[in-house]
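Starting off, we have a lone chain in the form predicted alone, written out as C-alpha cells.
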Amino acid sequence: MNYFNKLRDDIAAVVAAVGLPGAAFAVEPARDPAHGDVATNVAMILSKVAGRPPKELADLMISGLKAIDGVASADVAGPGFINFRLSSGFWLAQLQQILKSGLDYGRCDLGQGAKVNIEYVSANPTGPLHVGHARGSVFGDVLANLMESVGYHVVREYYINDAGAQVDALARSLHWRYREALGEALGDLPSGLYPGDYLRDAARELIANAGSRWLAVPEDDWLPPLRLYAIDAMMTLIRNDLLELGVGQSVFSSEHALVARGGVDEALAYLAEHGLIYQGVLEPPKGKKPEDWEPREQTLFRATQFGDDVDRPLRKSDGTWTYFAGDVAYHFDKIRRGFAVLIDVWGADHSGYIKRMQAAVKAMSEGRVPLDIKICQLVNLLDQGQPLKMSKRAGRFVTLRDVVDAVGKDVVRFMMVTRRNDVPLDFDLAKVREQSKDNPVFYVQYAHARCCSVLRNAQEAFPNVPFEPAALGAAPLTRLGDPGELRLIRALAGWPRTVEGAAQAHEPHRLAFYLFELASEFHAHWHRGNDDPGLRFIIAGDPDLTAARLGLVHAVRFVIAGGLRIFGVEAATEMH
C-alpha cells in the first residue's frame, strides 16, 4: 500500500470536514527529515481556490490533521506548508504489511487493466543485435514488467522493418556469401553489402537447404525468395540474442505485411477524410542553401495542427511513400487494436522524429491515445576505462551476445537501467565484474544475499523458533527502536510510492536508484552491528529481539527481491 495515497485521502476528508472545497494537492516526503516524515501543500493549493491566506487555512485544518490515525504531530511551517511526523506504530504497521505481502509488496492496480503497447528493439533485420540495442531491449522489457506490476495489460511488440532497400541489400549480401561458399572466387565484398560473418553461417544453411539452386539464375528470380530467407534467418538470430538477455516479445509486426494489406492506404484515407492531408510545397530545410533545395509539390500531413514544427511529407514527388507514411500506418494499426497508451522505445538517432509521430497519433486517435517516445542514448562500452569497438565474431561491432557472454545476463539487465534512458551510459566490463559499492548490481544482490545469510544463521542459532515471515508479523516489533532500524523501515515503506511514480513516468531507472539506496542503508546498518554487537540482527539468548530484527531482514529481502524481479534479475542467495 502506498501510504502517501492513504494520507492524501485522510487529509482530503479533513478538508471536506471543515467546509473547504476539494482540490488536487501533493503529499510527499519532507525535504528535511528534521521537520518531519511527510509534508503537504494542501493549504497553499486551497488558498488559490478559497481566496484566503494559506496559513489561515492550515490553522483551520490543523486539529483535524493531528487526529488522523498514525499521525504523531502536525505543524504549520513557513507560509502554510504542513509537516507531519508519523508514529512508531504507523511505521511498524508498514513493516507488518510488507511481511504479509511478501514479494508482492509494491504491486497495485493503478492501471486497472488498461491495454498498453510497448514497442522496443525493432532493429533492422540485417544482422545480430549490437551493444547499443541492449539498452533499448532491457529498458523496454523492464518497463513492461514495471507496468504489469501496477496493473496494466501490456503487449510487448517488435516492429520488423522488412520492407525497403536495406532488406534488398541483405538478400544480395546473402547471395554473395552463398556464391562464395560454393567456391566462387569473388574478391572483396562490394560496397553497400553487409560484411558480417553471420551471413556466412546463413549461406551455409542455405546451401544445406537449397544446394546450388540459386547460383545460376537471374537476380529477379532469386532476390524475392532470398530476401524472405535472409529476413527469417536474421530474425531467428535476433530472437535468440534477445532470449539470451531474458527478453521475450509476444508480437512481431511486419512492415512488409502491413504495406501489402493496404495499411498505408487505410491510414492516409483516414487522415484525408478528416481534412488532414493536402498537396503543398514545404519551406527549405533549415541550414540548407536555397540552391541545394528544389520546391516540389508533395502530399503533406498537417502536423503543425498537432504540435509539430512543420507539416510532414507522406508521399514523395515520385509517388512513393515516405518512411514516415509507413510509421503513420503502423501506429494507426496500433490505435485500431485498442491500446489505451502507446510507448515507443527508440535509439538516439531517432530523436528528431518524436514530434511528427506524436502529432500523427494525436490526429488519428483524436487525442484519446497518448504516445510516449523514450529515447535510449548511446552506450559507451569500455574495459578498464578504454573504449571497445571491435568484435572478433562480427568484425565491425560488439554484439549484444558478446557482452552477455562476458558478464552475464543479470549484470547487463541491471546496469542498462542504472541511468536515465535519455543520457549516455558508460558500461565498463572491468567495473561490472568488481565486488564493490561501485558495482550497483553486485551491491544490491549482495544485500539480498546478506539477508539470506542472516536468516540461515538465525535458524541455526534458534533451531526451534519459527522465523517464517507470517510468524514474524506477530513478533514484538516494538523492540525495533534503533535509529538505523527505523530508517530502514521508512525506506522500505517508500517502495510502493517509488514503483507507482516510476510507472507513471515510464522511468524504470528510479527503481535502480531506490534499490541501491536501500542496499546502502542495509549494508550501513550491518556494519554498525560489527562495531556494536548490541545492534546485530541475531542476539544470543534473546529470541524475541532476534525475531523482531529478522522481520526487518525479511522485509528488506522481499523488497529487494521484488525489485529485482521487475528488472528480470536473479535475487542471489549467496555471493561467490
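From 1 onward, residues are counted along the sequence shown. These numbers were taken from a predicted model, which means no experiment stands behind them. Only the largest set of C-alpha atoms that superpose within 1.5 Å between the two forms is called the rigid core.
Keep in mind that the form predicted in complex with the RNA is missing from the display, and what follows is about it.
- Checking 344-352, 264-272, 358-366, 472-480 against the RNA in the predicted complex, the stretch whose residues place heavy atoms within 4.5 Å of it is 344-352.
- At the 4.5 Å threshold, heavy atoms of residue 544 stay clear of the RNA in the predicted complex, well away from it.
- For the chain shown alone, residue 197 is not a contact residue for the RNA in the predicted complex, no non-hydrogen atom being within 4.5 angstroms.
- In the predicted complex, at least one heavy atom of residue 435 sits within 4.5 Å of the RNA.
- Although the partner is absent here, residue 66 is not a contact residue: none of its heavy atoms lies within 4.5 angstroms of the RNA in the predicted complex.
- Candidate site formed by 422, 510 and 537: every one of these residues places a non-hydrogen atom within 4.5 angstroms of the RNA in the predicted complex.
- Just one of 249, 161, 94, 101 comes within 4.5 Å of the RNA in the predicted complex, counting any heavy atom, and that one is 161.
- Comment: the RNA is not present in this chain, but in the predicted complex one of 294, 188, 460, 220 has a heavy atom within 4.5 Å of it, namely 294.
- Using a 4.5 Å cut-off on any heavy atom, the residues of 558-576 that reach the RNA in the predicted complex are, in sequence order, 574, 575, 576.
- Superposed on the core, the two forms differ at residue 49: its CA moves 2 Å or more between this form and the one not shown.
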